[in-house]
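Single chain ahead, written as structure tokens, the form predicted alone.
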Amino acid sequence: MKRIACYAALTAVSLFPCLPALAQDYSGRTLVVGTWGGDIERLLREHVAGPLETKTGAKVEFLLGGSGDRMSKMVAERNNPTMDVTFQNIYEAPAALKEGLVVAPDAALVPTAANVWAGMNDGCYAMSLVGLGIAYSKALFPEAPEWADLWKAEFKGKMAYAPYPSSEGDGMLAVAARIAGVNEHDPDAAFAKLAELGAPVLSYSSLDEVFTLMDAGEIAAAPMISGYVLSNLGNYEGIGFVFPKDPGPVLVRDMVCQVANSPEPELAQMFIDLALSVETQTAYAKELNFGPTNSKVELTEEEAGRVINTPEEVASLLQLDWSYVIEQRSDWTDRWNKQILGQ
């Protein structure tokens, strides 16, 4: 009741929860947010940065790039950080917390975090849910494939992969391991099984590049993050996407983190609170096909069918031992280049 009364008192003047920081004037202050570009940046500007600037007088500056670059930046700036908020992957957030680079999730500081599905705020705040599935050429697969179908002889040498290291590569190694009857803790079996697919047609850096070749039937399939594929399917009639069942799709979760000892901690908390709001999470689901982590989001049946949307769906996904995987990244990068790419 206390929280409801607090919201009611602020209804006419603020869209934010009752954070003491709102009493302060933030004019002339700048919040630095590290994230990915493209539609993610666009939605964050529209639903988070814009409202935050309007309500506080502060400015939001985006630092665009890959999550690995942001991890390196936090390490390099440990004693004097310039970022206040950073978006990281499922496996980076716990490591960042362990190293003291980010602030542990706390619903007392970010009230909307209380609405995130239980168990998802691991290391940082859970921002979105996606799964690694199979994007495939409809010309080569009359029916949606299972993982094991990729090992049929006719598809050897017709795969495409994202550059390694990547969530896609780690996920595909884990799938190959399970096809071989083991798991990611047996990298010898995983690499040997994945190498049976042959060197890929393409190690892509552009989605348009791989989608164009797949649409033309020159690429049979590629392990891909669901949101990226589903957002582009309307442009390519010859491409399908499926969440396989045996094993299931690999869980990938994006996280939003408050950088430890950053210049603007209160603005960072307000930014994260807005990022986790029903409005922002709904926009992510409808426009990016990224599953919401806020349990209060309501989607239509059609919208819900395109995203990972419930704890039950998350439980059906293949969850990797990310701490182990990250420890192997250096060695696995060399092995990927030699055994998978044939370099």
Partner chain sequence: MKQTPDIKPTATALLVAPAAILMFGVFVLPFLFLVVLSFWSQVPGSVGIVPGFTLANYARIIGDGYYLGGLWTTLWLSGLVTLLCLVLALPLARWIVLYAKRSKGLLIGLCILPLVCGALLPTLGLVNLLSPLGFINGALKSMGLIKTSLPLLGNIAGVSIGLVQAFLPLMILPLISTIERIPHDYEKAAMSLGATRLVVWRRVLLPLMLPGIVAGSLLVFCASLTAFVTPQILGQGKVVTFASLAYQQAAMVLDWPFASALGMVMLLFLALAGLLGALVSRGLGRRT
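Here the structure is a predicted model, which means the values were calculated and not measured. Positions refer to the first chain, counted from 1.
Just so you know, the form predicted in complex with the partner chain exists too; it's not on screen, but the next bit is about it.
Chemist: Is there a non-hydrogen atom of P263 within 4.5 angstroms of a non-hydrogen atom of the partner chain in the predicted bound form?
Modeler: Answer no; every heavy atom of P263 is more than 4.5 Å from the partner chain in the predicted bound form.
Chemist: Can any non-hydrogen atom of D69 be found within 4.5 angstroms of the partner chain in the predicted bound form?
Modeler: The answer is yes: D69 has a heavy atom within 4.5 Å of the partner chain.
Chemist: Taking heavy atoms and a 4.5 Å cut-off, does T212 contact the partner chain in the predicted bound form?
Modeler: Yes - in the predicted bound form, heavy atoms of T212 and the partner chain come within 4.5 Å of each other.
Chemist: Report whether the minimum heavy atom distance between E218 and the partner chain in the predicted bound form is within 4.5 Å.
Modeler: E218: yes, in contact with the partner chain in the predicted bound form.
Chemist: Even though the partner chain is not shown here, does it sit in the predicted bound form so that N115, K296 and P311 each have a heavy atom within 4.5 Å?
Modeler: Per the other structure, none of N115, K296 and P311 touch the partner chain.
Chemist: So which stretch, 245-253, 224-232, 129-137, 70-78, is the one near the partner chain in the predicted bound form (non-hydrogen atoms, 4.5 Å)?
Modeler: It is the stretch 70-78.
Chemist: What is the one choice in A192, V201, A144, A104 with a heavy atom within 4.5 Å of the partner chain in the predicted bound form?
Modeler: Selected option: V201.
Chemist: Using the arrangement in the predicted bound form, list in sequence order the residues of 163-196 with any heavy atom within 4.5 angstroms of the partner chain.
Modeler: Going through 163-196 in order - heavy atoms within 4.5 Å of the partner chain in the predicted bound form - the hits are P163, Y164, P165.
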